[in-house]
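The chain below stands alone and is given as structure tokens, in the form predicted alone.
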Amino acid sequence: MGRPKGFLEHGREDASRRPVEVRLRDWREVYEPRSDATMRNQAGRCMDCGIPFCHDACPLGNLVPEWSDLVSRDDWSAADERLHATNNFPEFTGRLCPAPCEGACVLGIDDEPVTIERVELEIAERSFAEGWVVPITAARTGRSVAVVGSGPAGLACAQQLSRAGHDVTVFERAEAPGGLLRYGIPAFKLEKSVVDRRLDQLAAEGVTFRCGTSVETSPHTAAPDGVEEVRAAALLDQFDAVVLATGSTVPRDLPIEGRGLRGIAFAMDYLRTSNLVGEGRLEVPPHDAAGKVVVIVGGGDTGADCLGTVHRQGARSVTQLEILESPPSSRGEDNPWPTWPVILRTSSAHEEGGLRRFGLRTVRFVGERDKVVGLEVLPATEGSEAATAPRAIAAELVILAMGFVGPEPAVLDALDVERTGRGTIAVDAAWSTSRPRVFACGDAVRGQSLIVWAIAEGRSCAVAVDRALMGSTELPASVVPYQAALA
């Protein structure tokens, strides 16, 4: 270890954000770059624990102590090699992962944990800047695989299978590949050039992308204008294996009085059209917050993404509602290390403005001439005396950001794959579905989860597919087997 007392010499320094009044004028990422000296000091805080809980907490099994030590000694090239050994897309996780590794950092027992996520991001960015990210190709096996869905699980699986020598085609119904990375995450958290440069690597490695392609159920259904249609069952005639990585994209609805009013949108519809505008594919979003009183129902990460988007569109005011009570500001005694600390977190979007209200459930949408003008809420805690008197909140635009309930059924129905009681795709320990030669991974199997889980499961699924096609595999074994508890 390069700096055994680094955690005594330096405190935790989180990355600074651009001033609110500046960043609200654009859609660029909010964080300021950090100096090499700062990153060496921050990485040097890692204690190189005998039992690295950060490693165990990471679904990818990232070698955190190893690349932290290398950064502290200014050996960025070796750090890049160790980072990419377990993670196909560290520039994504370094921006978007909630960092369960930091929650399990041993230093966090009585001090602030290492800034693991930021060190990871800086390594990834250095990798691209120095030209260390290059295509990795292999001799072709003559086997072909179709991957349905181009989110992080699908991309990770596709890249690993291509590196095993298989011909991989990724089918994506959207205009461009990336899934939620492109159309569900705002540019101020993930600029799309970051996605594109990694996609360029995959294409150079031999991965083929077929975008604007809908894998549908019935010959009687019609695809939208400009969208090619491929019958799901036909994929098994064209490919040796099919991997379903369609994600968990069916939004949780709020079926209460007034739900049919105009001016109520699902979060992903709102974020998608905003990103389409940013890409120049759409002139005006159908749900524009400019000059409006906005209410976001849902206090999670997706709600925060909507909040930052609302600010940049120029909303008159915005309120974010959360059904749960406000969590504590610090880790409670009933939430001990190394379990994930359930604490109140302030994202960059919350820092930019808006009102957060906790412990409220929406019971009715109010409208005038078929247009939403407000909603009524009650305390979420049952038995409250105030529960008989709903409170009204004005709203000209309501965004529903309450999570997702499972994968869309079209492809699942077409291939007749079994599902769990939660509606997700049922797979065995080898990521195989009930349909021969059809595999599945990511949120379509796990349900709504973290990007780091999606990448880990995509890698693990690739190992299983390669072994099924070839009888053995030389792909690196995943540290995350399928979790039987998910069945």
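Note that residue numbering begins at 1 and tracks the sequence as displayed. The model shown is predicted, which means the values in this text are computed figures rather than measured ones.
There is another form of this protein, the form predicted in complex with a small molecule, and it is not shown here; the text below is about that form.
Peer 1: With a 4.5 Å heavy atom cut-off, would you call Gly151 a contact of the small molecule in the predicted bound form?
Peer 2: Gly151 belongs to the contact set for the small molecule.
Peer 1: Even though the partner isn't displayed, in the predicted bound form is Asp305 close enough to the small molecule, meaning a heavy atom within 4.5 Å?
Peer 2: Looking in the predicted bound form, residue contacts with the small molecule include Asp305, since a heavy atom lies within 4.5 Å.
Peer 1: Is Arg163 a contact residue for the small molecule in the predicted bound form, using a 4.5 Å heavy atom cut-off?
Peer 2: No, Arg163 is distant from the partner.
Peer 1: Ala440 near the small molecule in the predicted bound form, any heavy atom under 4.5 Å?
Peer 2: Result no; Ala440 lies far from the small molecule in the predicted bound form.
Peer 1: Which pick from Lys189, Arg312, Arg361, Arg82 sits with a heavy atom within 4.5 Å of the small molecule in the predicted bound form?
Peer 2: Spelling it out, the residue with a heavy atom inside the cut-off is Lys189.
Peer 1: Since exactly one of Phe404, Trp337, Trp76, Phe209 fits, which has a heavy atom within 4.5 Å of the small molecule in the predicted bound form?
Peer 2: By the 4.5 Å heavy-atom cutoff, the listed residue in contact is Phe404.
Peer 1: Taking the small molecule in the predicted bound form, would Asn88, Gln201 and Gly471 all count as contacting it (heavy atom within 4.5 Å)?
Peer 2: Not a single listed residue reaches the small molecule in the predicted bound form, so no.
Peer 1: Of 297-305, 251-259, 347-355, 125-133, which is the one stretch near the small molecule in the predicted bound form, taking non-hydrogen atoms within 4.5 angstroms as near?
Peer 2: Heavy atoms within 4.5 Å of the small molecule in the predicted bound form occur in 297-305.
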